[in-house]
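Consider the single chain below, provided in structure tokens and representing the form predicted alone.
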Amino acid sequence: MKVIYISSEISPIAKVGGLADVSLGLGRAIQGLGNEVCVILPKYTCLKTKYLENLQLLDIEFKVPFAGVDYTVKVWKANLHGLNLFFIDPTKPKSFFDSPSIYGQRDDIQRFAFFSLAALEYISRYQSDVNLIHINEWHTALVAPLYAEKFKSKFDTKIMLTLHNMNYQGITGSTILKKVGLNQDKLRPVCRQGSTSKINLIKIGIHFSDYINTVSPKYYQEIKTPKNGRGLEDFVLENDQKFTGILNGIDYEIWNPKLDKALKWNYSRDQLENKYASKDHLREMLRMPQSRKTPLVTCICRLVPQKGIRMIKRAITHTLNSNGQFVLFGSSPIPKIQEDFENLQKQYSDNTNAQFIFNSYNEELSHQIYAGADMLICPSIFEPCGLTQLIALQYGTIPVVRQTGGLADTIFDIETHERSGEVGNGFSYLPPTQKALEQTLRRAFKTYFENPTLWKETIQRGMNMDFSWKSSALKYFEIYSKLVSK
């Protein structure tokens, strides 16, 4: 089977969130099952090309009509961890992807609408033997109606859409449909945003895709409610027959403390001494006081409201007041939130037990933090899947999470879960409050200080769990096969 992923991100060369890790990990896993896989991405000027192998400009050039203008498109090819990548590079009359960041441009809707159209144009000319196209989020949701209305006569394939986060739906004016060559009057009723004159790109993607999934079973149930459906809960229910939830995985060849080249010392669940040495090394790098007895807590995330900003701040304060250390690794695309955390950094400037690292694009450092920390907090208000808690488990770092979405599907409290002695791998709580987080951190600290045997058992139990892409990829492949056989 030939599968093409169309995505706005892939780790580590174009990474903002979990979508990047999924594009790489799932693509590699599906390819590992004996399929031909490639990924199509925009040719951003901010790509981290140092991670790519054999980046080359292909002898390919074609025109893409967009908003009444013919754009000249060139295509680049490279290899990343065994995957073939193809980059869409519009050169004339302008490049849509000449920017310092992946998102956050005023013309984001137009940029990714053009990308969706150009990707299909490339496939129809050079990859038309594709069996299935897998699209992601609102950025590529227009691929589904574009294929149905403009490209279906050119090649035969199926479309699958993955919803990584319903908080982002691509709400825009309906003229974008006309710009990509779709019938605005015909399609507007299909994807109207409520009673407004705007349209919803996720909605039109759901309507025209052959199958849709969320990135965890729990999140699939949650988006059918007003709280998490973000206005599309009824539309999801109407299309329930072509929906499912599949838990994300992580790539254990990339995230593996036994093999990780970013670590000074490798380790395993049966040999944890180098885990503790990694903690010493991280503290040395960050110029933090050394003490094996002091717990080191981390939070690794984009600092956006979804992640529980107030609870992250409270966790920092609580940790430092409880004789712990805290490393925050992340930044915010929202200026006010970024400013708040920079002010917090200034507040703790004289406290070497607190470190704030806003350069969240340092891939090697993220590996070192996972290895060196004792606990990872994920106090998300909602969390479609979450990958940080899965990586933390693999590195022997115990997650402290709120029971929502994929966090509830993967982290089982060592005290309150009904099978805690068999599957308990962290600490969790339900109410989205600072009080609930503090109480849970207090329990985690108590276990760390007073019951080192249970703490070590919890580390080893978590490291022994299999959250690789292996089982999830089989579920995806089963869906692919059914769609293609039709």
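All residue numbers refer to positions in the sequence shown, first residue = 1. Since the model is a prediction, treat every value here as computed from it, not as a measurement.
Omitted from view is the form predicted in complex with a small molecule, to which the following refers.
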Have a look at 238 to 246, 296 to 304, 97 to 105, 267 to 275 and name the one stretch with heavy atoms inside 4.5 Å of the small molecule in the model of the complex.
296 to 304
Does the small molecule come within 4.5 Å of any heavy atom of residue 366 in the model of the complex?
yes
Indicate whether residue 388 is a 4.5 Å heavy atom neighbour of the small molecule in the model of the complex.
yes
Is residue 359 part of the interface with the small molecule in the model of the complex - any heavy atom within 4.5 Å?
yes
Even though the small molecule is not shown here, does residue 18 get within 4.5 Å of it in the model of the complex, heavy atoms only?
yes
In the model of the complex, the residue from 370, 114, 147, 219 that sits within 4.5 Å of the small molecule by heavy atoms:
370
To verify the annotation, which of these, 329, 122, 412, 76, has a non-hydrogen atom within 4.5 Å of the small molecule in the model of the complex?
329
